[in-house]
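We've got the same protein chain twice here, in two forms, each standing alone as structure tokens: structure 1 and structure 2.
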Structure 1
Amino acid sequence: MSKSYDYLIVGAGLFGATFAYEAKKRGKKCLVTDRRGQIGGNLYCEPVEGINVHAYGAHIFHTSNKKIWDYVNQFAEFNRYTNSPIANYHGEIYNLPFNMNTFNKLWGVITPEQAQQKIAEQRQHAGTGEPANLEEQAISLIGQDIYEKLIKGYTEKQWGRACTDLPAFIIKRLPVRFTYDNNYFNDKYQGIPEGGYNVIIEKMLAGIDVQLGVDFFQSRENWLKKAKKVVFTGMIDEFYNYQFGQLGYRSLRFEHEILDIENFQGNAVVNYTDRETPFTRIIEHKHFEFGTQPKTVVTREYPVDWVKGDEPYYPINDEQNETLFKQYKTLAQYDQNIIFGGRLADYKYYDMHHVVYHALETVAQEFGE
């Protein structure tokens, strides 16, 4: 049977769209499919009241790689948005990441030396040796006060378990600055595409066949007949019918609300770090693009346990899951006509610039460049 496409790309997210765009440039015919009814994967922005709502959670593009920055800028103009989230702990407001503004609000210290001395005192008082869990790791890095107010509750909500039951490596590198700088990222380039992320994905997939609202697994053999090779960006354990077992994930539930006011919280991202508040953060989308619309849209994020059929957002990269993933990865090496890529296929939480980088690397390897 003659294959009508060079590549079937399962998943219309950033990895799949980047690969499809590059393959088309090289004269290859691609078919892109997705379970959802729209392109873009988790980057999809839904227009509501003139606001680009990040339907699957906040996404801020940031990178120090000029090549990647220049690459994405060919598809859209990026604004000057800088990610400066704040933390709300029972109504007390603190700057994130932990910086001199945070330390001043918490302890009244003014100089970096005073802040460092305060943290050192708390570390010494805690007397933790080699950290055996996340709680001990956090206290050894930043002290008891910051751990209790800004880490403990948020982390326990995010992962659905006590910090004493979480491995230390999760927060090996907490962002801590002894400057009055509220910029969350250290990267050189940062921003939001004007008009939302749909602009980028639409341009990438222009002129490429796309079928939405279809499930690859419901007619797997028929889909495989359509192309010489498959680029699979979904869950690698699902691709192999969970034959070694299910990989672990955390999922999210989003609660969107339109408010008849111009400005709800004054910031795009506010984290709720106490344990009692059921959601981890509220996103006010208009602030990503400095919107002045008369209404606003907010989204509350609720972390939930993942079960089969839910959207998997965060891989649980503990020792057990990593061992399981290696079994699937080994199996994948024998499938010469299947290319795996993206956060689900690689079982790794990628930032967007990592996705683009790995997609371009995969293209170069595929075409011997």
Structure 2
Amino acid sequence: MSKSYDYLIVGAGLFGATFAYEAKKRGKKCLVTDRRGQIGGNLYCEPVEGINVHAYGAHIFHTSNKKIWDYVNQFAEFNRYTNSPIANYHGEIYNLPFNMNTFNKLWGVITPEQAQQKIAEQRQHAGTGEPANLEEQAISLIGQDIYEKLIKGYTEKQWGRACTDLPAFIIKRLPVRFTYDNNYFNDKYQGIPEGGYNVIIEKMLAGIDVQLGVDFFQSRENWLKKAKKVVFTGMIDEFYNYQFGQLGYRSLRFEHEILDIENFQGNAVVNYTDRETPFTRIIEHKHFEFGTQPKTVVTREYPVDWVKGDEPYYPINDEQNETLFKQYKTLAQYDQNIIFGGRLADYKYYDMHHVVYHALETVAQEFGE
């Protein structure tokens, strides 16, 4: 039986769209499918009151890799947005990431030397060994006070477990700086695509067959008949029928609200770092694009335990899950006609620039370049 497509790409997110765009450029015929009703995966933006609402969580593109930056800029122009979240701890306001503005507000210190001394004093209490978990890592990086006010509550809400039970690497994502610089990222390039992320994904998928609202697993055999090869960007454990057990994920519930005011919180991202507030952050979407619309849209982000059927937003990369993932990965090596990629199939806490990087690597490997 003849297969009508070269590639069936399961998942119209950034990985699937990048692969499809590159394969089409090389003369290949692709079919992209998604179980959601729209393209873009977690980058999807919903236009509401003239504002691009980041429907699956706030997305800020950042990278230090010029090749990746140039690559995404061919699809959209990026604005000058710089992420500078504010932390609200029981009504006290602090700048993020942890920098001289944060240290000054917290301790009244003025110079980097004073701040370093303060952190060193606090670190002494924590001991000097290699940090074995997120709590030890955080205290060794920035001391007890910041850990208690800005990390502990937020992190325990976000991940649903104690900081002593979480891997240290999660907190290393955040910069610690001894300059008065509120930029959340250290990367050289950063911004939001003008017109939102849909502009990018629409351009990537232009001229490519797309079927939405269809789940690969509902009709697996039929989908497999359609193409010579499959690019799978969904959950790898689901692909293998959870045969070794379920991988752990963290899910989110987004509560969107339209407000009849121009400016609700004066910043795109405000983190609620206390344990009692049930959400982790409030996003005010218009500020990503310096919007001047008369209304505003805000989103409260509530972390929730993941159960089968929920959106698996975050992989939980602890030891137990890593061991399980390796078993699935080994199985995947025998499936010559399936290419796995993206945040869910690789079970990695990828940012968008990582996803584009890996998609381009996969393309290069696939086409022997």
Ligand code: UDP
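Please note that residue numbering is based on structure 1, beginning with 1 at the start of its sequence. Just so we're on the same page, rigid core means the largest C-alpha set that superposes within 1.5 Å between forms. Small disclaimer: the values here were computed from a predicted structure and weren't measured.
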The same chain appears twice here, once per structure, so which copy is the form predicted in complex with the ligand? 2
Indicate whether V297 shows a C-alpha shift of 2 Å or more between structure 1 and structure 2, with the rigid core used for the fit. no
Once the core is superposed between structure 1 and structure 2, does L134 show a C-alpha displacement of at least 2 Å? yes
